[in-house]
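Presented as structure tokens, the chain that follows is alone, the form predicted on its own.
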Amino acid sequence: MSFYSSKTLPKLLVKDFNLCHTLLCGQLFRVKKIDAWFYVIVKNRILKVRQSSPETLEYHGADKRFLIDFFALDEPYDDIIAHIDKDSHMTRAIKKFHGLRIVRQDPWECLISFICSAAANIPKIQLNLENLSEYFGEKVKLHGLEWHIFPGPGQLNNYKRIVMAKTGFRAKHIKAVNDTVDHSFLSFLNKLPYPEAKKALTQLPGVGSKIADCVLLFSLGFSEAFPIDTWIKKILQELYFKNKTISNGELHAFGRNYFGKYAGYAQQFLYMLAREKK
């Protein structure tokens, strides 16, 4: 039941934004769709949002400033698209998924999310995150929906419960990262050049090249990061390297060099294209 009439719903005018593409492109996992509304757990709140027209977002649980920052609505989208639109493949992906944005999510939750992504699919990652939140996080409510916020650094402090969250071999990495990483470390990464920030992340247990790039791209503002997962490897091979065997390292170098400072946006458009073909 809504607490607002259709005339009094808070609204935000948007341009070049697609809520569905943005929330369902694999960059964050604690999202539920109920009827026309998306519910997103963001830090210590539940954000309830829908796109009632191409130019209008309606929302609860946040203010306009929060939405603009979280959905990166202040970025120069036209410039980003022009920069990555290098060929007919990318032109097609941009046309099909126009309005996709890279959100600015919490770096700590993003880090644990992608540690959970190792050898896992999206439903498995979602299960791990929901279990960890239920076991360690505080409950929040919005319009009859109950959810648990994601526990902060230092709060994932019971190894047995981490295992109970069905995290499998990832449990030891989660516990080790919990015991060594804090918000100041993650904030410090923002001050480093991309290669140094990535090197610092890959020193953490359970964090390889792909996971580090995901954290850098989806939460720390490194738009040049270009994560290589199964889907990206498949679509790059199909579109750019037919009949050639290319290593993940070579694909990563190609993506960053070819698409430049907004390579991460290109990666997301290609990811959506690859998922569509499954």
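In case it trips you up, residue 1 is the first one in the sequence shown, and so on. Owing to the predicted nature of the structure, the values given are computational and were not obtained by experimental measurement.
Beyond the structure shown, there is the form predicted together with the DNA, which is absent from this document and is the topic of what follows.
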Each of A119, F169 and I211 having a non-hydrogen atom within 4.5 Å of the DNA in the predicted bound form: is that the case here?
yes
Considering the DNA in the predicted bound form, which of V163, L204, V140, L73 comes within 4.5 Å of it through any heavy atom?
L204
S53 near the DNA in the predicted bound form, any heavy atom under 4.5 Å?
no
With the cut-off set at 4.5 Å between non-hydrogen atoms, does N44 touch the DNA in the predicted bound form?
no
Can you work out whether D229 and the DNA are in contact in the predicted bound form, taking contact to mean some heavy atom pair no more than 4.5 Å apart?
yes
Quick one: which of 186-194, 73-81, 150-158, 111-119 gets within 4.5 Å of the DNA in the predicted bound form, going by heavy atoms?
111-119
Any residue of 178-200 with a heavy atom within 4.5 Å of the DNA in the predicted bound form counts; write them all down in order.
none
